[in-house]
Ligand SMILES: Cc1ncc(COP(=O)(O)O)c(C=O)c1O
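Here you get one chain, nothing else, as structure tokens; it is the form predicted alone.
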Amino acid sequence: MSQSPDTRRLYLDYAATCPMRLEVWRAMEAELEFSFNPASAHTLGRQAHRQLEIARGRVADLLSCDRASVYFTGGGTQSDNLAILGFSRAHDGQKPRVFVSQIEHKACTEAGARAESEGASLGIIPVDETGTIDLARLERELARDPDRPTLVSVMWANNEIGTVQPIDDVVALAHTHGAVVHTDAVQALGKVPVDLTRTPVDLLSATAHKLGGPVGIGILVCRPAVRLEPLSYGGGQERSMWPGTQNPVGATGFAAALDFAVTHQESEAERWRALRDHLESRVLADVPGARIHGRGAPSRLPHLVSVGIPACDSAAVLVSLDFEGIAVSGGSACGSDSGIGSSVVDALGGDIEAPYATVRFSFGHDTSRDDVDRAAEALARIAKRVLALAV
């Protein structure tokens, strides 16, 4: 196996995490002098609390929601769990219903399964071949028993294939039937417009590290009328919703990362979209049998490309790309019964059989056309070699 002449490390896995931006480092560094416990009553504690609340206010402004609706958590998974399990447990005894789409992140599907084990009913709403939710099916399910407390959890944009859901339609439909809407906006935030005045979801989860912010800080936006039961106890921080010592420096990093991402979202999306389309055209032309997951969806993330290669070993492709210095992801870390390796790809249907390689490319602020060309050339070369070995 020969290595590509270009041995630079090429990072095309921004959907997994975005390395912290220098602007965020600087914003956090400026607040290190306030890295005290915000719950302390002394002057230093009050200063830390002030920085925390400045960050909360900035996040609220950028999302167009009330600052009292913003809760800082430990990340996206914690926020998803708090939304789904918190809602279910707050309505314990009322036979709550939880609906999730077929391609949600495990943080939502497993929280839904846990809620079901505790007495809630769980409904899985299918998607079509592009990964777009079946709204007609959702409407039928909602209409069956409208008097029970109901939560609909649909991610704003899928983390594996990039399909952007018709979240405005989901909200309108759910609210017509008296249901509460939660959205995992981890991948959407900073990539597509997210304005909670225009799209009035009741609960929204997000995390900083997908935006070039620090790991370990997330948010849950929760409308005042929504009842949630905390998942942990022992303190009054975050209005008892997420007790524990708060992280003002992390919150500052979240606000700075979100500010930068939202400010540059439109221009970056245009640039990423051109890179995405270029990569897809090259892959379809040069990789035998390649397909682009979610390509026909009405709306897609601009910075993400999910490639499927039939009859090709996924591990061999990913390891070979890494050997050539190209960092990408495969399918979801959670496997599927079919052996494809991704429950999301499985959900799309079609003639997908193992072995089947899934390669996810995702772009960031420094991704160039040359980077995309290098990745496309490497994938074509590697896929042909792996396919030849399989014959």
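Residue indices: 1-based, along the sequence shown. Bear in mind that the values here come from a model prediction, so they are computed numbers and not experimental data.
The same protein also exists as the form predicted in complex with the ligand; that form is not shown, yet it is the one meant from here on.
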I'd like to check something about N247: if you look in the model of the complex, is any of its heavy atoms closer than or equal to 4.5 Å to a heavy atom of the ligand?
no
With a 4.5 Å heavy atom cut-off, would you call N159 a contact of the ligand in the model of the complex?
yes
Would G75 show up as a contact with the ligand in the model of the complex if we use heavy atoms at 4.5 Å?
yes
Report whether the minimum heavy atom distance between A115 and the ligand in the model of the complex is within 4.5 Å.
no
In the model of the complex, which of 273-281, 312-320, 146-154, 202-210 comes within 4.5 Å of the ligand (heavy atoms)?
202-210
Please tell me which of I167, A120, V181, V186 lies within 4.5 Å of the ligand in the model of the complex, judged by heavy atoms.
V186
With the ligand left out of view, choose which of H105, H91, R300, R97 has a non-hydrogen atom within 4.5 angstroms of it in the model of the complex.
H105
